[in-house]
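Shown below, as structure tokens, is a lone chain in the form predicted alone; questions about how it binds or moves come after it.
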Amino acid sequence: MSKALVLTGDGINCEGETAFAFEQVGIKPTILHINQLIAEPKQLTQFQILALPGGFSFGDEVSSGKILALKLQYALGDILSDFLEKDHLVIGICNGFQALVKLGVLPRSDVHAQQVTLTHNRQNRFINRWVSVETSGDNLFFRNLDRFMLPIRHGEGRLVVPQGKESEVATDIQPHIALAYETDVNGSFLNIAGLVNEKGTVLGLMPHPEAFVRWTQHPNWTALTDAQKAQVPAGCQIFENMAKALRN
């Protein structure tokens, strides 16, 4: 059975839902406080998936995910680099996505420096609602998915690029766009909702797939047809795709 390490601590608050989602697809999750991982970094080698759940690590001080990223970078070092180089999977959700971007893992994990950032929504307020997203489905995380809905709940989910380099970055980042909002939700560059690294093994996304693993979590679930409810919920499908990728 594949195993997933689900980080908790320092303000992360979606570890329970994330662990539950892994359990639904036959992956064994272990919720581990980040301080426990830092005390024994080699524990990471026992897992095939590293999950950075959503939340408000360090109260979003400095900027969302920044302190968590620094903590991972300096405490795990080569062990995290080795994990990324192997065919292991990493998923960062919301605050976890922010940390991966500021860690320099996304969009390209071979750069080892921050390339883009996630900052305050254009509206300058927290957004908590369901949104329509779309994906090409040509990466392992989004197979069997096209257009679907997921919930977002963030205050700093707007992806921005260095000023004056928009045209250059638009070309470079295109292969890494794993998920996009169907409409302009928060001012994010190219409506980006999620990025994947060059190997396709690291995913970061602002929407919360762990919050849609059962149809009863959908805001309009009572009006869904039997045919719709016979399908796998989009969030659950993302976790199932990870399980299938590891089995293969």
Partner chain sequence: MPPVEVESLSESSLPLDQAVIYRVDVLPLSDDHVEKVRVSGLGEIFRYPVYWFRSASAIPDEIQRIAQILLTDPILQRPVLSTVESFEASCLNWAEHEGQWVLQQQFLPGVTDNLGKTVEKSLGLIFPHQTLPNIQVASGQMYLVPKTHLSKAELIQAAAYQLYNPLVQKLSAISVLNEPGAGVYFAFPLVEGHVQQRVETIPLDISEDALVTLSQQRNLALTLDEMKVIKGYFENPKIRQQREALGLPQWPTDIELEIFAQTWSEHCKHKIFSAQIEYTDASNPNYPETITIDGLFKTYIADSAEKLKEKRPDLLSVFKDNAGVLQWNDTSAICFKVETHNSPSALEPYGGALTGIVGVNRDILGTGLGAKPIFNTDVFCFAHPDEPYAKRPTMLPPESILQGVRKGVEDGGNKSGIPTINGALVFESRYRAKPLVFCGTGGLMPLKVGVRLGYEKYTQPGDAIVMAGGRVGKDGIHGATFSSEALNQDSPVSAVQIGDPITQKRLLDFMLEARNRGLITGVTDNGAGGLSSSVGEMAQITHGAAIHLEKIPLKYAGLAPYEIVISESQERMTFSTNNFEVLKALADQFDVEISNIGEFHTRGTFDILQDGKLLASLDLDFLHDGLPKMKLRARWEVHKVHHPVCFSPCKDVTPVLLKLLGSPNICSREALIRQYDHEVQGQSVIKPLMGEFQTAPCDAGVIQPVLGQPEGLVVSNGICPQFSDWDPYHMAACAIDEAVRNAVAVGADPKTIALLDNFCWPDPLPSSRNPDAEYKLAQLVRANQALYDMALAYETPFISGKDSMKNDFDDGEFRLSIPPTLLISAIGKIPDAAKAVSMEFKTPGDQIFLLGRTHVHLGGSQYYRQMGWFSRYAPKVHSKSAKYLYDTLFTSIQQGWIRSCHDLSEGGLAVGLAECALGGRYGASVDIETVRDDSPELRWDEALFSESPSRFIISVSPDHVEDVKKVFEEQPLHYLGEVLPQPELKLVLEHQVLIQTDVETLRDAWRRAPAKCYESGMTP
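What you are looking at is a predicted structure, and each value in this text was computed from that prediction instead of being measured. Residue numbers count along the first chain shown, from 1.
FYI, the form predicted together with its partner chain isn't displayed, but the following is about it.
Just to confirm, with a 4.5 Å cut-off on non-hydrogen atoms, which of 81, 167, 128, 136 contacts its partner chain in the model of the complex? Looking at the other structure, the residue within range turns out to be 128.
Within 4.5 Å of its partner chain in the model of the complex, counting heavy atoms only, one of 83-91, 159-167, 174-182, 137-145 shows up; tell me which. Selected stretch: 159-167.
So in the model of the complex, are 50, 188 and 240 all sitting within 4.5 Å of its partner chain, heavy atoms only? So, no: the whole triplet misses its partner chain.
Does residue 45 make contact with its partner chain in the model of the complex, using a 4.5 Å heavy atom cut-off? Taking the distances in the model of the complex, the answer for residue 45 is no, it never comes within 4.5 Å of its partner chain.
Within a 4.5 Å heavy atom cut-off, is residue 12 in contact with its partner chain in the model of the complex? Residue 12 belongs to the contact set for its partner chain.
Its partner chain contact at residue 151 in the model of the complex, heavy atom, 4.5 Å: Yes - in the model of the complex, heavy atoms of residue 151 and its partner chain come within 4.5 Å of each other.
Distance check, residue 36 to its partner chain in the model of the complex, heavy atom within 4.5 Å: Residue 36 belongs to the contact set for its partner chain.
Between 209-228 and its partner chain in the model of the complex, list the residues on our side with a heavy atom within 4.5 Å. Result: 214, 216, 217, 218, 219, 220, 221, 222, 223.
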